[in-house]
Structures are given as structure tokens and as C-alpha cells.
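In the form predicted alone, a lone chain appears below as C-alpha cells.
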């Protein structure tokens, strides 16, 4: 069973065109070529075309969870859609064994004018289940989704989080042999995401799972191997820790970051940080003190605090925006005290850094990367740490 190959991809390649008119023209040409049996055009790029996936080959066995990582536009979602049959490769082949459950885009597979309950029956029927089999599972699906009071409303009235709840519940409850998950799980709330990843751990025992995420802490927790894509090509395939370390190191290099980097941009002219201690127990909170000076008022600034582990992998991230906190900095001196936690992490060495972003949300005006080292001691508390919360915030 464990040696069963559930997903096999060989030389999978897909190209897209950046120009709409040319894309339509190429589509007509390709249909004509297919009708007369010409396929020499499939492995060549025409004007304004690019490879979204380029000669991608891999296998996923039953009992494995594979993470897809890479920058935006690397080809992760395109590859997942080809595996799910939503997009046909230009050349190469994909073989799947067994029933496929997928959550690739919000609302995908749902009829918006039908109710959640009706959509459950439709999805189950598409996967080959009988009405009796669906009826045996439907109460568990509704309970897991936690949207029972809305289940008989049209799906078009659901929030994005409710759609994710229903989509994940359906995809995982119908006993898939292959489970495909895109970044959409990031939309759900913290408690539901933790519940989802516990379910993924159970499903993985008898299925193959492919998981796309930019949250490398989650990839680290649930994936046995990773595929690192860059410009549609596989740059790395192998054990998770080594792949994430390579990905993080290259991301830091691209951002001109070294082991310790401190960058300041106008209007910030001072950004000094310190921690309350350098050693604390797993599960404790950590307090940071920030002394900064600005040349002008900065209303509604955005502060992030990031923790890296000893493999240089970012494993926790606190954000003032996610905490619905407005930080209005005044011209001159500003002092910030912020406590975050609990640090539900295994004992070991960690580094902490800070990013201050202006009110556009686009410009980093202060960046301290991996400056502060601290050690966690004690026992492993277990559980998934998706983000840690604010315990105290003071601005003077």
C-alpha cells in the first residue's frame, strides 16, 4: 500500500500567452494542428508565450504529503490544476490512481445558486458516490464545516471563509486517494486551519497529498518532501527541511539580506530593538521593546514580528494588521512595547526580527532581520502554531 504511486507526472509542460489577441489566435491554430495530427508546435514558444510549467516530472506515493513552494508565478497552482484535470498539459503526461479530492480555488466545484447541502450531493456524485453513501457522510461534513445554520442557504451568500470550510469538508470527507490543496486554506480562521491540518495528517496515512502554501511553517509541519518551482521548472525536489532552507536562503539573498541585516528608510531615522530575555520556556510569551524616531508623522503603520528557527526557516509571524491594531507614529521619538505568544514551539535556538511598513502597506521603512537570538527550554507542547497572538501593546 505504501509503495502505491498515486500521482505520476512526466515531462509536464504548459505554456501561456501574455497577449489576449495572440492567445486567441494561437488557440485556433492549435485546434487546427490537432485536427490534422501536427504536434511539432507543442514544445516551442511563440511570440509572447512563456512556460508556466516546464518539463516537470515527479511521483507521489500513498502516505506522502508533498509541498509545492516557490515565488508567486512560479507555476505551483498551474501544476496543481493540471494534476486535477482543470488544465490540459501542452505535452507530457499525468497519471492519477483513485478518487481525487481538491480545493484549489474558492467556490471551485460549487454551483453558487444552489445551497451548501445540494452542492455536497453534487460533489459526491461527481466523485462516484451513491446517494446512500453521501447520506451516510453528510452530517459529518456539515458538522466539520461548522456552518450548519447556513447549510441550506445558496453558496453565493457564503463568505470566503465559509466556502473554504465547506470545500475542505467535502474534499476530505469523501475518502480521497489523492488530496490537492492550494493556498485557499489561508482564508480560514486559526482554529479551523489547525483542525484541517490534523485531518490532513490522518488522510495522509492512506492517500497522497499535495499542498501549496507560502507559509513555510505549515509546509514544515505537514510535508514529507517539497518541490521548489522557479519559472515553471523544478529547482529542488527532496526532504522538506533541506528544501525550505534552500528556498529561505535564496529569498533572503534576493532581498539582499545577510545573517543579520538592519535597513532603515525615510522617514525612519532610528529603529532600536531589544528583548525582555534571551531564554524562556516553550509556551511562554516574549516581550520586545522598540525605540524608534521618525522625521514625520506616520499614521496607521504596520508592524510584523517574525521568528526563524535554527534551520533559517521562518516558523511564526505576528502582524499588527491581523490583530486589527492601528499604530499611529508621531514625528520624533516613539517607544513601543509588545508582548506576543504563546510560543508553542519545540525547545531550541531561535532568532527574532522586525519589519515596519508604511500606511500604503507596500514600503518597508525599517527591517531588522534575524538580529535577536533566544533559546526555548522545556518539553515539546505539541499542536500546530499557525500564528501567535498579541498579549500586550503599548505606544508612547
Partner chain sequence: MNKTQKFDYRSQMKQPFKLLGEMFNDIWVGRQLAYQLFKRDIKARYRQSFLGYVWAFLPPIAMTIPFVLLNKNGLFNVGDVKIPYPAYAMIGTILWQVFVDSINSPLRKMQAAKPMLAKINFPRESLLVAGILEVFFDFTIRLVLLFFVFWYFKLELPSTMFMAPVGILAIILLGFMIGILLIPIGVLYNDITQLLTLFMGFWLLLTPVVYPPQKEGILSLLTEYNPVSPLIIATRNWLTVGSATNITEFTFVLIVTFGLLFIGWFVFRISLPHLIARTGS
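Residue numbers count along the first chain shown, from 1. The structure displayed is predicted, hence computed values, not measured ones.
Below, we turn to the form predicted in complex with the partner chain, even though it does not appear here.
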Exercise. In the predicted bound form, which of the listed residues (293, 199, 325, 86) lies with a heavy atom within 4.5 Å of the partner chain?
Worked result: 86
Seminar exercise, completed: Note: exactly one of 130, 278, 191, 72 sits with a heavy atom within 4.5 Å of the partner chain in the predicted bound form, namely 130
For this session: Indicate whether residue 118 is a 4.5 Å heavy atom neighbour of the partner chain in the predicted bound form.
Result: yes
Problem set entry | the partner chain contact in the predicted bound form: residue 235, any heavy atom under 4.5 Å | no
For this session: With heavy atoms only and a cut-off of 4.5 Å, decide whether residue 163 touches the partner chain in the predicted bound form.
Result: no
For this session: Answer with yes or no whether residue 249 is in contact with the partner chain in the predicted bound form, where contact means some heavy atom within 4.5 Å.
Result: no
Exercise. Among 267, 320 and 333, does every residue place a heavy atom within 4.5 Å of the partner chain in the predicted bound form?
Worked result: no
Seminar exercise, completed: Here the chain appears without its partner; judged in the predicted bound form, the stretch of 348-356, 364-372, 63-71, 43-51 with heavy atoms within 4.5 Å of the partner chain is 43-51
Exercise. Since the partner is left out here, which residues of 24-57 would have a heavy atom within 4.5 Å of the partner chain in the predicted bound form?
Worked result: 24, 25, 26, 27, 28, 30, 31, 34, 35, 37, 39, 42, 46, 49
